[in-house]
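First come two forms of one protein chain, each written alone as structure tokens, so that there is a structure 1 and a structure 2.
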Structure 1
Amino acid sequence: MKPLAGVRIADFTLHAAGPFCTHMLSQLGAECIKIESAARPDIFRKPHPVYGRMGPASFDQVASNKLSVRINLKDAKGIALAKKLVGVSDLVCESFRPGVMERLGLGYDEIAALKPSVVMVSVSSSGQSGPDSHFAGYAPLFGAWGALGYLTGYEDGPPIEMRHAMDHSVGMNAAMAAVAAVYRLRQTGRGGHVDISAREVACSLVGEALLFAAAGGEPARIGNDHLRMAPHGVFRTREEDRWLTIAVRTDDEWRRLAKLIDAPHLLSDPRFETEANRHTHRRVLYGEIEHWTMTHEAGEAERKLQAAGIAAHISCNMKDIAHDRHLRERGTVVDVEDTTGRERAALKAPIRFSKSEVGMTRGTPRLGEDEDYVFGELLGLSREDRDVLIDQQVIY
């Protein structure tokens, strides 16, 4: 059994953040019915030239495991059909700009009037309320608004753009908040409206820095440095573009590191005697450590450091991750078949339960693939009724 078995989602989300939320919930056991139309398919079903992506889009990673139906939301009968689907659902998820669901007649107030025991999840750039709620945005803008982008970067360089990981952080927070609301629904019968703001998710990822600023501090870009630890950074190795991360947390670990890299002179150097001193002289120290890492292959150095109890890891690319034994054994990375029948690595929802199962049981649905089940079995529409709606381009 999956933990969210018996929870049904009417999923109006599009693009990355919203669909990632429902993708997580569906792997946790919710039945997720994705609503699109031939007139307005999810843009992620298509290639996108601004990303320089002419081939298949990044759709499978957020759409697999879902059921697909077509509903034309530009048609009043389409809205009526959508409301029927809402009537048999526990969760309604959407990621339109604020105001669009209301305009469609599917805003939270109307839905709650129709069915009080429903949880609605809205994912947007800036939230459903506040002076900027109408702002358009994408992942890099969320990071910019939320100070995460400003704070990330080399000390002497510009801020950094957040990419898909930002969108999916929003989706993960949305999934977490949605399950909290489902828990309340199950305990008390009370529904509710979860309103996720992407820029607030960016803020939440630097919550401690924002508090420091509130106290008058001035958090700034610090590259790969840490506010306390030294040595701490990303080091070159003998291999081209193969980097090693190292973090030394205690004096004891520092002594072990100096021994491992055969540099006893560092232990007698007052510049490196205490953590505070090492931090002050971290640039010099960086060179000393890199002197050693440059003579090693990354994997070899990683093993030696871990054997000495020092936090170290290779900077992984996706090829490393696709073949990683640890991630495979945990079931984090699994092989799936894509729509063309080709096998590729994919990620399972990142939670292991001792009893419950989690994960994908089917691939990406074709547009409208599950209408027999959803319109026929769940909503009880006859074949004839459906044919009429298809002719009228309501199911379209």
Structure 2
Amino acid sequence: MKPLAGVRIADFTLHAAGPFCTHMLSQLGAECIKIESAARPDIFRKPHPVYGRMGPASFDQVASNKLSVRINLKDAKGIALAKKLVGVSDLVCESFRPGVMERLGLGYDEIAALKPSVVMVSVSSSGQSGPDSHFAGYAPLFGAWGALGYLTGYEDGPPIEMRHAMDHSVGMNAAMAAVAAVYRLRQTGRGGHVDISAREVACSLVGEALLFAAAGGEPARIGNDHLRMAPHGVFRTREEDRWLTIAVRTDDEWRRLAKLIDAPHLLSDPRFETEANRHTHRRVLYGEIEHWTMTHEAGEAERKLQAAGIAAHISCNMKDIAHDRHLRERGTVVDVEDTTGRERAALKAPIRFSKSEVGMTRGTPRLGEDEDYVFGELLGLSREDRDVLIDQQVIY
């Protein structure tokens, strides 16, 4: 049995960060019911050119394993229907701007009055309170607000957008908090409101830099460099856009690397004699190493370096991941159906339990495809009642 079996989620999230949270929870066994409407579908459901194809690629990734129903939240009857769904749910997850759920009549106070044991998880840019709580935002802004973007990039270049890494980091943190709240719910019967600030998630990832700044230092972008190790970076190979990552940790590894690339002159050069010297003169050193990597295919160079006991690996592209034997055998990369019925690769939750299975049992839901079960079986609405609500565009 999955860890969250028996837990039901009313999922009001949209875009990526919130939906990734509920996507993770669904793979842990929660029954996740995604709430949308034809008038206002999740924006990521719309086809858009990304990742080499025209389709809802982002939606496919974060909506897999969920059920889908339509509820028009601009209609009072739609709000009443949503409250009925909340009444049979354990978790309510949302990622609107702070205040939206309250204006809809679905804020935490309202739903807690309806069901005191309910847990609400709110994901927003800057949290539910504070002077910046009114800000809306997308993944690139989360990293910018939290300083992670400032620390990412080359030392002679601008800060870099974090994009999906931030959405998924926020979603994973929200899922962890939701699991903690569910654990308390099971132990005490008490619900609560979980407040996830994307900006604060980004801040939590720059702890060392914050400590350095608090001590009077000035953290800066260092690209692929390391504060101590050298060589440490990504190097071109003979293949077009095929890169090799190398990290040398000790003097012994350095000597083995110099021998492997047939560069004994580097060992007698005082600029590279110690770790500190190699770091100071790393730009010159990287050019020497790339002379060797440029004569090899990435896989060949990777094998030679690893055989010599040096940390090295190809910088994997998406094709590598989709067909990776290790990830396939562990069930991390699985095949599911998209909304057109075509088979596609998907990533399972990166979690393993010795006595529980996790993962996806279905692909991307079509809009409203689970209404017979949700509105009929769970909420007890007759076919005639549902037809009336459809005619009134409450279920729409």
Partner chain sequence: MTDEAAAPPLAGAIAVEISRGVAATHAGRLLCTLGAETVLVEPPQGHPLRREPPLLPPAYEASTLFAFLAAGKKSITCDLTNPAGRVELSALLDEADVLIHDLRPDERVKLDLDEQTLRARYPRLIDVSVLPFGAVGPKADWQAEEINLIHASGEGFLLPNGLAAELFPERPPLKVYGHFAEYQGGVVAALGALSALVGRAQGGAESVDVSIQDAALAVGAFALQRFGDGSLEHRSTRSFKYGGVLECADGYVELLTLEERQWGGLIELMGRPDWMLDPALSDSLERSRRGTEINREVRAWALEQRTADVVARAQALGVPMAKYARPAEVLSDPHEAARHLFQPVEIPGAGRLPVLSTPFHLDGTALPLRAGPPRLGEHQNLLMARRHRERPAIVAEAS
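Please note that residue numbering is based on structure 1, beginning with 1 at the start of its sequence. Values in this document were obtained by computation on a predicted structure and should not be read as measured data. We call the rigid core the largest set of C-alpha positions that still match within 1.5 Å between the two forms.
As summarised for this chain, the first structure is the form predicted together with its partner chain, and the second is not. Put the two forms on the same core and the Cα of Met176 is off by less than 2 Å between structures 1 and 2. Core-superposed comparison between structures 1 and 2: the Cα of Thr237 travels 2 Å or more. Relative to the superposed core, Gln187 undergoes a C-alpha shift smaller than 2 Å between structures 1 and 2. After superposing on the rigid core, the C-alpha of Leu260 is displaced by 4.9 Å between structures 1 and 2.
Superposed on the rigid core, the forms differ at Ala215: its CA is offset by 2.6 Å between structures 1 and 2.
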